[in-house]
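A single chain comes next, written as structure tokens; it is the form predicted alone.
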């Protein structure tokens, strides 16, 4: 496909960047657009997944029919069937009139199901029937109706894991993912970060008639080094703050560092496809989403295993004088090593060079937390910080309210 068509699509939908991974995603969307198959768009939250269903619809034969975007994670479980399939009058309390669902309204067009992994299992079964035969029934009706729609779905979850955990139907997963498009995270897009930063600064200045901010090379380097867990959405927020409080200024590297969260400011990019990149992604999701939220507990544990004079005396050989010089490092038994923290929750042993360094007795060290324990405690603390407000808690944890409700019930945090 010609590069000019890719550039045309990027210009039409305001997609900024020249990263090869991004352009490949646009190319795949354009390539599959004329072919009426289901598409699954994957990528982290805030990467701009919503643009790709629009590209697919705009360059497809359905472009003159309706395009409806549905956020599956924002619709309560009790009403999502009614929203998608419609309902008959009197089907449930409050159903005062017959209502068309999105699948009926979009007949002949495209329905975009965002956060599709949040669909309840019962709704998944009904959606599978629509994909297989185009048939559905309104809530409270026994009459089968037909619809001719194309479904494009998107998710930021690991769908294979959701299937393995029984949260998503395997047959529906394969129906939805005839073609998959992966949107790269911002931290892997290199120079696109600088392009986006300048674009957001220019847009803000034009909209609010203010003097635009500019960025020093050091500031742009800080943007590149940051890991961007919130991706493009988070970058826009950072530039908006700078545009407000540093109007017309040249932003220095120090000023930029002050705007970025310190616990995640240092990041070494891993190139897509490089050895270990898949493993890195799995570890990053676990470490940054969970362990960094438990930093206080980890720091407390680290302080408990710091060398202390009392434990040194407890581990000294029986009968040794308190004023006796410590043995050399070479004479140390392998069990007496000094552990040097290099990152929260990660320690590497190295030979001590300042004598016998005791470690805390095993019975004084708390058992390691499981992933479930860490997640439960993270959610509990976030709920406490937000006075039990679930919407604010879900926003802080970067998850949907539906997922938060499920986790609260699963961990008994009502």
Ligand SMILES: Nc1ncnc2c1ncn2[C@@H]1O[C@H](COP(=O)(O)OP(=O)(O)O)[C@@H](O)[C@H]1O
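Please read all numbers here as calculations on a predicted model, not as lab measurements. Numbering follows the first chain given and starts at 1.
One more form of this protein should be noted, the form predicted together with this ligand, which is absent from this view; the next part is about it.
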Which of 196-204, 210-218, 247-255, 142-150 sits within 4.5 Å of this ligand in the model of the complex, heavy atom basis
196-204
This ligand: the contacting residue among 129, 233, 100, 241 in the model of the complex [heavy atom, 4.5 Å]
233
Close approach of residue 60 to this ligand in the model of the complex, 4.5 Å, heavy atom
no
Contact of residue 67 with this ligand in the model of the complex (heavy atom, 4.5 Å)
no
is_contact(residue 50, this ligand) in the model of the complex, heavy atom dist at most 4.5 Å:
yes
Taking 4.5 angstroms as the cut-off for heavy atoms, does residue 374 touch this ligand in the model of the complex?
no
Looking at this ligand in the model of the complex, which residues in 14-37 have at least one heavy atom within 4.5 Å of it?
14, 15, 16, 22
